[in-house]
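Next up, structure tokens for two forms of one chain, structure 1 and then structure 2.
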Structure 1
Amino acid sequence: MHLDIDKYAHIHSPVHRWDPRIKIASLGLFIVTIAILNKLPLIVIAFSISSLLVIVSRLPFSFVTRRLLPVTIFLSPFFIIIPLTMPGDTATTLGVSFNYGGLLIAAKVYLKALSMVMLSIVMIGTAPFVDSLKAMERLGVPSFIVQMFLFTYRYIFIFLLEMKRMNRAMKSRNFIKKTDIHTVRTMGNFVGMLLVRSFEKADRVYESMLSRGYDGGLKTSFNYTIARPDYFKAAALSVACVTLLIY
């Protein structure tokens, strides 16, 4: 299992060539702008711009849709819950009172969420993850927060591999999950042992890092260079933000 956040960071596109610092700042500003919008036509325009950025980034369609699917599943009930529970003028269809204003609100929430998630995918998925984190640090994000993200991302895979090994060992001893006390006790021991092993692994990793000169700073070989097109892209997105907020 792999989260593959930066799986397609090697692709060549205008978004991939965008300086990570300006890209994160510009897309972050656009995400905030979308969160503020309230008029449906403006939200649709913002959604269109977000979709255009995904296309320009050349990220595979399947890569993006797999990450949008959980958002769709989570927000789909809003199209039923809000129209049925929102007070105000309602229309009756097949004996059910339905508020079309609630449907409009659900559509706004859904499109805004999809737009912000797409922008987040473009922001993180078009550069190596460590370079994006380093850019965040250059933008003023505290170093300890950046490193927490980095270590969590890196060592969660080790955690998952350890869990798979332990699960395989249990199956090799003919353990079968059932709805009984034995299964509950076994799974409790499984979780406890996994936490102990994870703590021991983290301690060994930290000592190994200290022995290699770790001083609390994040090291990367990426050289930040800002080209003229980077400013043009940021300016175009900033104009879009201001225009959406004005109207």
Structure 2
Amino acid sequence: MHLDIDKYAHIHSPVHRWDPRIKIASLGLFIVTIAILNKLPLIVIAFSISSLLVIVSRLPFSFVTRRLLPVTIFLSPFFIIIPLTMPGDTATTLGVSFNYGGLLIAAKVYLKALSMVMLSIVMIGTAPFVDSLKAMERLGVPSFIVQMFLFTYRYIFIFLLEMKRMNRAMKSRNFIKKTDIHTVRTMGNFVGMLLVRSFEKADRVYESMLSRGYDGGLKTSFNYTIARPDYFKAAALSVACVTLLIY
């Protein structure tokens, strides 16, 4: 679990210099385009463009590949299950029917998913996360939801520390997780305790916000201006999207 998506938000690259509003909108459009693609050659082209964007963004290779792990774990069973279970043109070897067309489907799905995840890493990883959220608000995401993102994001770190502390306390009492009812009960109480603490914290947070003049709105600075290169980059990517969709 790596929460440091904006660890490399402060390096310099053409993607980093892109206005977050236009960047999120353009890359979002590209992600949607890939989701619609179905032909292998087009998917390979989309994958190449996505990889190119990762290179241009100068995000470290290991940073990106580590983040491609969840999608790889989720999709690897597809390579076995789909060929074994898909009806149609199957080849039988040693009594097991295997559909090679299913292998192609799994490959297409995986390649599409890799491209889309790489794009989302470029989209979110090249600006401070809070700036990306503010850009989303400017793009029309309701303020209520953006504020929820901001608060939740903030408190995730606090509760991660809280959880670490509680874990250490349990370990010091010789608690070892096993596959038994005692473990489930203890972890159930653990989650309950986290909730109790969070409710108490939530009330205090709200009171302190009120005392600083919170009225339900978001008042933050957003220091970005859209310049001509921003539009050029967006135009180039849009042309790519339209071309891919036409073919």
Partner chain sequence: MHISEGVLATEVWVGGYVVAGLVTAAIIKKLDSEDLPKISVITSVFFVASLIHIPLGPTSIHLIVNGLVGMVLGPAAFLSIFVGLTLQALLFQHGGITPLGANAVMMGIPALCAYGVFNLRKKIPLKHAEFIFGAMAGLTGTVLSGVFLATLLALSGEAFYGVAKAALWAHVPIMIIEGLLTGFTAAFLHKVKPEILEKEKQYAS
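Whichever C-alpha set is largest while still superposing within 1.5 Å between the two forms counts as the rigid core. Numbers follow structure 1, counted from its first residue as 1. Nothing here was measured: the structure is a model prediction, and the numbers come from that model.
Enquirer: Between the two structures, is it 1 or 2 that corresponds to the form predicted in complex with the partner chain?
Expert: Structure 2, not 1.
Enquirer: Given a superposition on the rigid core, I'd like a yes or no on whether residue 183 shifts its C-alpha by 2 Å or more between the two structures.
Expert: Yes; that C-alpha moves by at least 2 Å between the two structures.
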